[in-house]
Ligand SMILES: Cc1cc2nc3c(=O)[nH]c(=O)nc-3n(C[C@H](O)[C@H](O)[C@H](O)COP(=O)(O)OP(=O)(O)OC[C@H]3O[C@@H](n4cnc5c(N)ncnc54)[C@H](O)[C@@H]3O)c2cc1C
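Just the one chain here, laid out as structure tokens, in the form predicted on its own.
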Amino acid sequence: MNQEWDIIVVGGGITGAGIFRQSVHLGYKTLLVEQNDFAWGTSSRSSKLVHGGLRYLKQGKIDLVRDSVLERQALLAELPGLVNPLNFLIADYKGQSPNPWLLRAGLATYDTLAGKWDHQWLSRNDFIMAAPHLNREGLTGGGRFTDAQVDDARLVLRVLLEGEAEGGTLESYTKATSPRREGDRTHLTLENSRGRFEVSARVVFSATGAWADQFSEHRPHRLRPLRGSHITFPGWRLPLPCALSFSHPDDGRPTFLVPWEGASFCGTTDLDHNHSLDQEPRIEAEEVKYLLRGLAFAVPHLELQARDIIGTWAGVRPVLSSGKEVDPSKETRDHALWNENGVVTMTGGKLTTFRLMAGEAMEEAAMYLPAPSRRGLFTFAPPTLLEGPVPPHLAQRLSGRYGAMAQQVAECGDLSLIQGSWNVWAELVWACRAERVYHLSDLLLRRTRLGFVLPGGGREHMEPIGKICCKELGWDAHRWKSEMEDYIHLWESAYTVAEGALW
């Protein structure tokens, strides 16, 4: 790391990954450092949607929605198998806001901005056919439209590893502190298990998300960290042919029911997060009760209870603060960019528009950098055509998730599904070999999502997982036991409903 860098990016979530990838694409010598694992923060704990944000139309955010739906279409075209179309149904109930005419107008505007007419209005009977478990009392019909879904952590990995393949340098579990400008370079102190390093670059990007105020201390408290939590059910317990959106009966907030990776989840909440950002965020009892009340309204006949929940997750959004005591849901979801003497901070915004945000960040930093060797935004490597007996649906999935490395993943061995998930065993082998797995939680919460979609966080599969880790990572029996105990403790404290927490 003791080199002369053009650019150092601090933060390994989707914003930092986009800036890293764009800076490498433009020809700059670039280092990215992340204090935890890649995608450890908000970027592995989102609602897994690549969307324009239909509700932002109501707020008059036309430009934001237009940019988002156009990027959604671009990502669908470039990343089939990772970013996939997702049908949404949005229910209309008698006397509920917004009224059906306003909702129809919103759907029409949404598709017009995307340049793709792909919605329809369903009668009550047709809506019931499409969503047979939905509450029918007061239902008048509703709209059907298309957005997209993504494995957020895998998107981050895909962006980072393609940037590394093009010449960038990545370091996880490396903490950056003390940014300071000296002459025409910005200096940082980096610290990891190998020691302490003093490094410098022409410009440093802070893509630290909810930690932005801590990293850049000159003008703190610009952010309002908000927690969004989700609860997960087995797919058979909450069967969803497509995603559903409804207004929560408590406060009218949009609430989603979404099928994902063989499971189904309900989310999200929107609350001030008043806990330390250095601890894993976790759902609180009142949030679980809130989401269960939403489910009791939306799908009452399923009679879902806390005991049916197989997992949870909570993410902290780096939302810009208005400085006023307003409802969290009314704070802007726009991104912010500021330049403080060689430290350019990008925070807020949406996962969907990460590539546009990266381009904007690089334009802001142009004053510190020589002219780029290339122009325009980066694109992804084209889909890989796999050789050998790989089923077509799996071939597309591996191509989307791993890009140019998909063939090597397929050659890692067992392509059978891990029971209860959409992952295959070969993916665990590849992750251990090639994707910087340092802890079991890296493997089960971010390289794969087994900890999100399997009961017990995947505990029933620990024996074969342990064999893979010990062989590929060189762990002995003592290291494996320690990693497994740490992972189970973490999962029980931050990724499930604690026993007795609701009573």
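All residue numbers are counted from 1 along the displayed sequence. Not measured: the values here are computed from a predicted model.
If you look for the form predicted together with the named molecule, you will not find it shown, but the lines that follow are about it.
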message: Is it the case in the model of the complex that Val10, Ser46 and Gly315 each bring at least one heavy atom within 4.5 Å of the named molecule?
response: yes
- prompt: Would Ser441 sit within 4.5 Å of the named molecule in the model of the complex, counting heavy atoms only?
  reply: no
- request: With heavy atoms only and a cut-off of 4.5 Å, decide whether Arg449 touches the named molecule in the model of the complex.
  value: no
- request: Mark Trp40 yes when one of its heavy atoms lies within 4.5 Å of a heavy atom of the named molecule in the model of the complex, and no otherwise.
  value: yes
- prompt: Would Val33 count as a contact of the named molecule in the model of the complex, using a 4.5 angstroms cut-off between non-hydrogen atoms?
  reply: yes
task: Have a look at 401-409, 343-351, 102-110, 421-429 and name the one stretch with heavy atoms inside 4.5 Å of the named molecule in the model of the complex.
output: 343-351
- prompt: Taking the named molecule in the model of the complex as the reference, which of Thr174, Asn84, Thr384, Thr169 has a non-hydrogen atom within 4.5 Å?
  reply: Thr174
- prompt: Among Val204, Ile231, Ala358, Ala207, which has any heavy atom within 4.5 Å of the named molecule in the model of the complex?
  reply: Ala207
